[in-house]
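Quick heads-up: it's one chain on its own, the form predicted alone, in structure tokens.
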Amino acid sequence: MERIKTGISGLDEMLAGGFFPRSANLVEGAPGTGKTTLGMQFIYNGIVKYGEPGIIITFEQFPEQYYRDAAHFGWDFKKFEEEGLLKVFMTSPEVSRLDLENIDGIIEQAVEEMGAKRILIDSISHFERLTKDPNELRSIEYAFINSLKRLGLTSILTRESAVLLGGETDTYGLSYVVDSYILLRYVEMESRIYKALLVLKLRGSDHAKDIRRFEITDQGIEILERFEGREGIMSGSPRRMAESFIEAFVRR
């Protein structure tokens, strides 16, 4: 089936080729784990590698901040905007939600004018301030995501996690609404902090089940090797696996 590639080496492999078209894809992690970087790289690669213009909707940063952050990786977002290949909107959940509900809203006009195929929502966590009712929140997020799909967009939705090292996630049902769910975590091993990535869900497709280390380099996200010989990685308390178990199941 057709896939929308992230263009991130290693991640597309974990996703069995990439995201599905018109899908909503949640990237959740603690501050500094690389959620926004992954989303910006998805937009950048869409423009440069696949000829797919993109949109960024931010609820917390001015466009100039994205220009600066992108420039750190050699991505000229300001030039892309001038060329009509990218649009960065700074807005609020309330305004963006109403805009998408209207025919010929600002976002829909931008999609049609640009021929946009990709969108980054940074971050969906801000929708939690709209209501304290988990069921109502899930309905709001579901309607918002369906509006993006209606416009033919493949989206990455970032979500802030209060969990720094291990522990359970709390998505208020959002994980059931999205089509894929990628979790980013800090991992402490032998007095060092690493970053780990796991694809928890990919609706309608198989996907990699292993946990992989990644780094944020001067060119963006780089997926590295699997965590081998350890258990409890995502719990925040990695432990060495028994050598006999490693020989039987990991190295086999």
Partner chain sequence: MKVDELTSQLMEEIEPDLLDFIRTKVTSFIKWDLIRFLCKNPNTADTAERLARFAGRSPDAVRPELEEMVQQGLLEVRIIAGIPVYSLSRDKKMRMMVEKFIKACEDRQFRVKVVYHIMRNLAETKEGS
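Predicted, not measured: the structure shown is a model, and the values here were computed from it. Positions refer to the first chain, counted from 1.
Below, we refer to the form predicted in complex with the partner chain, which is not included among the displayed structures.
Listed residue (160, 179, 128, 99) with a non-hydrogen atom within 4.5 angstroms of the partner chain in the model of the complex: That would be 99.
Residue (of 80, 89, 144, 73) lying close to the partner chain in the model of the complex, criterion heavy atoms within 4.5 Å: Residue within 4.5 Å of the partner: 89.
Stretch from 60-68, 41-49, 193-201, 217-225 whose residues place a heavy atom within 4.5 Å of the partner chain in the model of the complex: That would be 60-68.
4.5 angstroms heavy atom contact with the partner chain in the model of the complex for residue 135: The answer is no: residue 135 has no heavy atom within 4.5 Å of the partner chain.
Contact of residue 109 with the partner chain in the model of the complex (heavy atom, 4.5 Å): Residue 109: yes, in contact with the partner chain in the model of the complex.
Contacts with the partner chain in the model of the complex - residues in 184-202 whose heavy atoms fall within 4.5 Å: Stretch hits: zero.
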